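Shown below, as structure tokens, is a lone chain in the form predicted alone; questions about how it binds or moves come after it.
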Amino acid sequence: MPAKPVAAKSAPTAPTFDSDTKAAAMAELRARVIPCIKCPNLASSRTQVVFGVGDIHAQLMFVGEAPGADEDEQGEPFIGKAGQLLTKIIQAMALSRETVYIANILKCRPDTPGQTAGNRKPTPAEMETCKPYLLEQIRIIQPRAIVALGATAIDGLLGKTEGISKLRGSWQEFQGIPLMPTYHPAYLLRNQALSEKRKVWEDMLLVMEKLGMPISEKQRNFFLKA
């Protein structure tokens, strides 16, 4: 007898939160994250926890790796030079920081003992310790798409280390949510080539298309050579 076809398994459906429930859940999570001391070295060296910022009802979520010095001082993700560039990218999409949600794999700045400046990459242990907080943020927000900024964010979310240049521009999936890997804004600050800016912008155009956002001819032509 021919084998019976096996029904495809559907992804588990995330619980749906109404507005008040979302706000309460995020406030409760924030109250747990702010005093966190699970990584004693990070807790002792940080100025403050960088929880996340934006609209908890956002369709689009950006995830980076970890706070830097500016973020640690002000308690908000992506506000240094790389963050200012991310803000410009978001605005070019006809969105704003207030209409998306921005967070990091790590909520604390990685400590840099003996250094007066600079940042370091989070360790795998630090990312695994802090990752549940980000997962809970994603579960509460339920974005329709996630943008992973840079190799560390992709590694932290997907466990993929093939290299950002190979993964960017190709849709991945994170717990049933479409995820677009792209370069970190800091990379664009180091590499000012128009071709690299265009690559990131093409990734954002794919995100806009995925979300059903209108795209003008002007937007489609950003960073193309005249």
Ligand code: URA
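What you see is a predicted model, and the numbers here were worked out from it, not measured in a lab. The first residue of the sequence shown is number 1, and the count goes up from there.
There is also a form predicted in complex with uracil; it is not shown, and the following applies to it.
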| said: I'd like to know if residue 156 sits close to uracil in the predicted bound form, meaning any non-hydrogen atom pair within 4.5 angstroms. | reply: no
| field | Non-hydrogen atom contact residue 78 with uracil in the predicted bound form at 4.5 angstroms | value | yes
| said: Please determine whether residue 71 contacts uracil in the predicted bound form, using a 4.5 Å cut-off between heavy atoms. | reply: yes
| Though only this chain appears here, would residue 184 touch uracil in the predicted bound form if you measure heavy atom gaps against 4.5 Å? | yes
| note | With a 4.5 Å heavy atom cut-off to uracil in the predicted bound form, the contacting stretch among 175-183, 25-33, 193-201, 63-71 is 63-71
